[in-house]
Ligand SMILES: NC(=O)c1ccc[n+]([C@@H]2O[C@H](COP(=O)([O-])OP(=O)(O)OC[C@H]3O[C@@H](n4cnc5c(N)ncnc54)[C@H](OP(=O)(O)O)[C@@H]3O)[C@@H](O)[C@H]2O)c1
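Here's a solo chain for you in C-alpha cells, the form predicted on its own.
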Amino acid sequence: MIRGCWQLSPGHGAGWSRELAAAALDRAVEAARPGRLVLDCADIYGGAERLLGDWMASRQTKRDETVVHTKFVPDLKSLPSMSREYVREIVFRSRERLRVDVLEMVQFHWWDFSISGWIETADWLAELLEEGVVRHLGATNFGQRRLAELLDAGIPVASNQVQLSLLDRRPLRGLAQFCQERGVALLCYGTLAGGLLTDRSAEPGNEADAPKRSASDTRSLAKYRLIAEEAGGATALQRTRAALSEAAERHGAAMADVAVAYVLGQPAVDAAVVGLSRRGLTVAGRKLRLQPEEVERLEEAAPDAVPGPVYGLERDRRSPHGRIMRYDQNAGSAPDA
C-alpha cells in the first residue's frame, strides 16, 4: 500500500492544515507497522514535498519508518527546450524540500510524446541515479509503446505508475503483461476512483478530522467521475458498487478492501496508491485475496469500457479529461509554495 498525497496540494480542493496533515501522517505510520510507510507525492503538488519534509524532520523517530516517492513533471511549455540543467534544478529542489540526502524514487512524466526530447530527459534523470541523488527511477502514465522505447534505450525504469481500477482496466490490455515480462512494477493509482468504489463514496476523505469540503470541490472526484462516465455512467457504477458490496460482505471487509484486492491481484502490480485521508480499509481486508470466480463476477459487473490506451484520454488536451489538467505548475510556481 502506498499512500497518495495529492490531496495535500491546495490545488486539489479545500486545503488541509499542516496540523491535520501531520495527524493523518502519524496515523498512517502506525497503520503501516511493522513495515514502512510509503508516501507518493510530486513536485507539482504545490507544497506537498515541503510539508512532508517538515513532518519527517519534526518526527525523527518516524523518519526511518517512512519512504517518499516523488515525481518529475516538467511544465508542458518547457518540453521543447528541455535541458539537463532544468532536470537537475527540479530534482535537487525536490531533495531539498523533502530534506533527504537521497530521493528514494523519482517518477518521470511527459505530457506530449509528439514533442521530442523525452528519452534524453530520462537519460539525464538516470545520470542522477549514478550520482547517488536518486535511488530508483520510475515512469508515470507511460503506455506500452513508450515504456518499451525507454527500456530499449537502456533507461533503468523500475516502475510505472498508472491508473487502474475496476472502472478503468486500460493497463490490462497488454501493458501489465509487458511489465511482467520486462520486470517493471506497476504502481496503481485511482484504485478507489476518488472514493466512488468505497462505502463512503459520497464524501471521499470525509473523516471527522479531515478538512471540511464538498465532495465536488476535489479534483480527484471530478477526474474519476469522468472515468465513470466513460465506463458506462451511473448504471455501470451502480452495478460495480453492488458487486463490490456483495464481495465485501462475504469477506467481512469494506468495499475499498475488495477494490484494492482486485488491483493487487493483477499481473505486475506491486502496490496500490490510496489517498492519505482514506481510513476505510479494514484489518480484515489487508490480507484479502480474491478467488478467480470472484474476480470474474466483479469484471462481469463492471464492463471494460474505458476506451483507448493507458492515459490516452487524459493526454488529449481537447477532451474533458485533458481540459481539467494543469500543465504548467512546476518551474513556473513559487519554489517553496
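Each residue number is its position in the shown sequence, starting from 1. Nothing here was measured: the structure is a model prediction, and the numbers come from that model.
Keep in mind that the form predicted in complex with the ligand is missing from the display, and what follows is about it.
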Contact stretch among 95-103, 188-196, 171-179, 128-136 - heavy atom within 4.5 Å of the ligand in the predicted bound form: 188-196
Triple contact flag 3, 220 and 277 to the ligand in the predicted bound form, non-hydrogen atom at 4.5 angstroms: yes
Go through 269, 273, 28, 52 and name the one with a heavy atom inside 4.5 Å of the ligand in the predicted bound form. 273
Only hit among 237, 256, 87, 157 for heavy atom within 4.5 Å of the ligand in the predicted bound form is 256
Going by a heavy atom distance of 4.5 Å, is residue 7 a contact of the ligand in the predicted bound form? yes
Considering non-hydrogen atoms and a 4.5 Å limit, does the ligand approach residue 224 in the predicted bound form? yes
At the 4.5 Å heavy atom threshold, is residue 146 in contact with the ligand in the predicted bound form? no
Hey, in the predicted bound form, does residue 121 get a heavy atom within 4.5 angstroms of the ligand? no
From first to last in sequence, which residues of 45-74 have any non-hydrogen atom within 4.5 angstroms of the ligand in the predicted bound form? 45, 71
